[in-house]
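In structure tokens, one chain follows: the form predicted on its own.
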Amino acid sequence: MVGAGLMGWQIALMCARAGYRVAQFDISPEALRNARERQAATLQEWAAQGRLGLLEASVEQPEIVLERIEHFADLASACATADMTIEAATERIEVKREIFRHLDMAAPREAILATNSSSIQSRRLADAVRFADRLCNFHFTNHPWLRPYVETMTCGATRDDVLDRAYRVGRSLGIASARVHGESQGFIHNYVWRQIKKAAMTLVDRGHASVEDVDRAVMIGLRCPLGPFQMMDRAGLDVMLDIERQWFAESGEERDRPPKVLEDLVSAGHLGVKSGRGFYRYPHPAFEEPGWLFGQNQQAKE
């Protein structure tokens, strides 16, 4: 597992819960420490809720699952005996290309080289490795135990047996595993999610609706627990902007230019939950107030 940030620690934990031994690498000792703490806390939470094992008969103690994850500060040591490597670094192609150059040299020849990128097609990484036939996208959603889904996609040169192995690894984690046919920008999940995000921000940019009313419309009309702006705040607006910029770079179409509202917030350092302000202010955002969904708290203030 390359990367111990938001997605890295989560994916490593899902794999360990399913019985896999995981070598997790990050250049940041602090990221590795934080990952360990989050993994331990999440395992305790699962145990308390009776959700630790994939099957009732396979429930283990949190400490046993945690022991399957070993943390490394050296990439070559981490992937020396790997059957599959999953990269979950920052959503910047130059960073990913450098990582895959090193992975290609360090991992065994038959090891799968997978990227968890949410916006970059593995095709863009293919010329950074010697053997593109083992390279693919393997994309998880954030908090994969709450949104249990992973999708596999070719880089254009991926062998069928590699795609099948990745698909089966996804199934073995106890989550839904989908295989993208051919190549699709945004794969399946993010192709749909990106259209929702873009539409929501376009409405705000054009002055047709407020952030709050767009979220209410989606939450009520589509029966979603969270609105798109709430979800973007959770994921990090800097990450959202990287994805929008990558999408624009891929298409070159003016309609795919990153929304101004997103550019402005990131420029101001408002990155969502992690910075205390994004589309909403944190902690205690307005949408957590009683009556917010139907605008009752707003009426009271008026």
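Note that residue numbering begins at 1 and tracks the sequence as displayed. Take the two forms, find the largest set of C-alpha atoms that superpose within 1.5 Å, and that set is the rigid core. Owing to the predicted nature of the structure, the values given are computational and were not obtained by experimental measurement.
What comes next is about the form predicted together with a small molecule, which does not appear here.
Colleague: In the model of the complex, does residue 27 have a heavy atom within 4.5 Å of the small molecule?
Modeller: Judged by the heavy-atom cut-off of 4.5 Å, residue 27 is in contact with the small molecule in the model of the complex.
Colleague: Given that the partner is absent here, does residue 134 sit within 4.5 Å of the small molecule in the model of the complex, heavy atoms only?
Modeller: No, residue 134 is distant from the partner.
Colleague: In the model of the complex, is there a heavy atom of the small molecule that lies within 4.5 Å of any heavy atom of residue 177, even though the partner is absent here?
Modeller: No - in the model of the complex, heavy atoms of residue 177 and the small molecule never come within 4.5 Å of each other.
Colleague: Against the small molecule in the model of the complex, would residue 273 count as a contact residue? Criterion: heavy atoms within 4.5 Å.
Modeller: Looking in the model of the complex, residue contacts with the small molecule do not include residue 273, since no heavy atom lies within 4.5 Å.
Colleague: Exactly one stretch in 152 to 160, 95 to 103, 193 to 201, 213 to 221 has heavy atoms within 4.5 Å of the small molecule in the model of the complex; which is it?
Modeller: Of the options given, it is 95 to 103.
Colleague: If you line up the core, does residue 235 shift 2 angstroms or more at its C-alpha between the shown form and the other one?
Modeller: The answer is yes, as the C-alpha of residue 235 shifts between the shown form and the other one by 2 Å or more after core alignment.
Colleague: C-alpha of residue 274: shift of 2 angstroms or more between the shown form and the other one, rigid core aligned?
Modeller: Superposed on the core, residue 274 moves its C-alpha 2 Å or more between the shown form and the other one.
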